[in-house]
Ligand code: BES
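Just the one chain here, the form predicted alone, laid out as structure tokens.
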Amino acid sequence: MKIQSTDTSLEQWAGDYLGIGFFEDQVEQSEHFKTLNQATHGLLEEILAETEFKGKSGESTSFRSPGAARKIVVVGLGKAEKLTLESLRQAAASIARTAQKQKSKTLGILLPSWKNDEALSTGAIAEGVTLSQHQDNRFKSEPDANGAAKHLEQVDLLGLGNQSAAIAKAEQVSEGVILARELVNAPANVVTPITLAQTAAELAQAPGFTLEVLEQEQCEALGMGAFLCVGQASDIPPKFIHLTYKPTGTAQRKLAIVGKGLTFDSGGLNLKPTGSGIETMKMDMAGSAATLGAAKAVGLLQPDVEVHFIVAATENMISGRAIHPGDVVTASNGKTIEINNTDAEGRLTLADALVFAEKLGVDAIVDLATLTGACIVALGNDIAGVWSPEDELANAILSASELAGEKMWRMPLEEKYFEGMKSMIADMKNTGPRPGGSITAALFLKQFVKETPWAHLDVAGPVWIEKESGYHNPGATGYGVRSLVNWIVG
């Protein structure tokens, strides 16, 4: 699919499908309405009257056109003062999906710019189109059945000027999102710690990258007892992945991104019961998928920022070698942990990964993890939680997420709650009382970062959806990649 910006006017554009957005209660006052109504000999006005289209967010209607465009779809954008970049992504995705279902090959899209920023607006529209067209049919016996793999061939963005650079960036970032989606969608017998390391090796072929994969013996030498205890029951060896990007010139910043990499989480001896979601625990590595997806985008964008992408990859399984509830392990910073719940394993892997990241001397660390169901209880399925003791870093992450349309909400680091995690025989337990479970999980991680500005993202909710929504198909969303890239690029 080729996406391009064009100066072709609305009435002169010719192709299979034309999509246009209107603001609520401003439809008939729009110059584009008047132009298009004239080009369709009054049919637009007639159709909108019949369908009572008012331009409300989520509204849409389509019809055959007597003009240069064979079919037209109009979508509502809601109130003009409430327009966001995410509104543009959603509108573009709606138009593109409609055109694709009609087996269109060429599509024209006319949407307004957000705050007169044509570059950001073009990027959002291009992301919405690109991600809406992604279909993951790798595990179907007939992936092309019913035209499922048919895509638009050309998309023309009207009225936004020459925005080839913005389109290219959007497509590069979308490649990272698609990689993350496909890693999470793949079953645990396909994506393992070994294949995650192989994926990192493929990414390391891009300019500026180097890769270090620490094997179990090397992790033992570094004292990574928290990480290693999680995977000790698995037949698949753990892999500690350290993928580094360095620009050709002077790096403006030095950052670390740490992603939780549990390729399957059975719960360990605190086994998850059937019906608890154990069958979906292939997605417990969505934090690492976002990390590697961001690395994919960074390799294409080549920013002047040094970035360390870190994944402590393993499985949480059961066998005679499994960690017992009540065991005590020692992390690589010397802190001792009593394991009171083997299903609170992600924080154990992240603990040693955070210690490793801080030793790199970076300016800031961000970790992403499908860490707690408690975060979903607190914020629902659409919003990730953000914890950080650093206002500047937290605000930077929130700003990056707002531009990406990936919802986040800052949560408190209530130090008093750590009292519930104290152990009689070790420095701490790996879980605390049920109330505030996502907060105590963040407080646990905080024990493994001494001085470096750090933020923790609990992304358990938004990394997966059950139904098609906007530019997401059912399954993995690729959540976090675009926010991370925005934060890295600045």
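Since this is a predicted model, take the numbers as computed values, not measurements. Each residue number is its position in the shown sequence, starting from 1.
This next part talks about the form predicted together with this ligand, which is not shown.
Note that among 243-251, 355-363, 86-94, 282-290, the stretch whose heavy atoms approach this ligand to within 4.5 Å in the predicted complex is 282-290.
Residues Ile3, Ser9 and His32 are none of them found to lie within 4.5 Å of this ligand in the predicted complex, as judged by heavy atom distances.
A heavy atom within 4.5 Å of this ligand in the predicted complex is found for one listed residue only; from Lys239, Arg347, Arg181, Lys296, this is Arg347. Ala460 is the sole member of Ala69, Ala460, Ile439, Leu36 with a non-hydrogen atom within 4.5 Å of this ligand in the predicted complex.
With a 4.5 Å cutoff on heavy atoms, Val386 does not count as touching this ligand in the predicted complex; it lies far away.
Although the partner is absent here, Thr370 lies within 4.5 Å of this ligand in the predicted complex, judged by heavy atoms. Looking at Asn341, you'd find a heavy atom of it within 4.5 angstroms of this ligand in the predicted complex. Of the heavy atoms in Ser62, none are within 4.5 Å of this ligand in the predicted complex. Taking this ligand as it sits in the predicted complex, the stretch 414-450 comes within 4.5 angstroms of it through a non-hydrogen atom at just one residue, Thr431.
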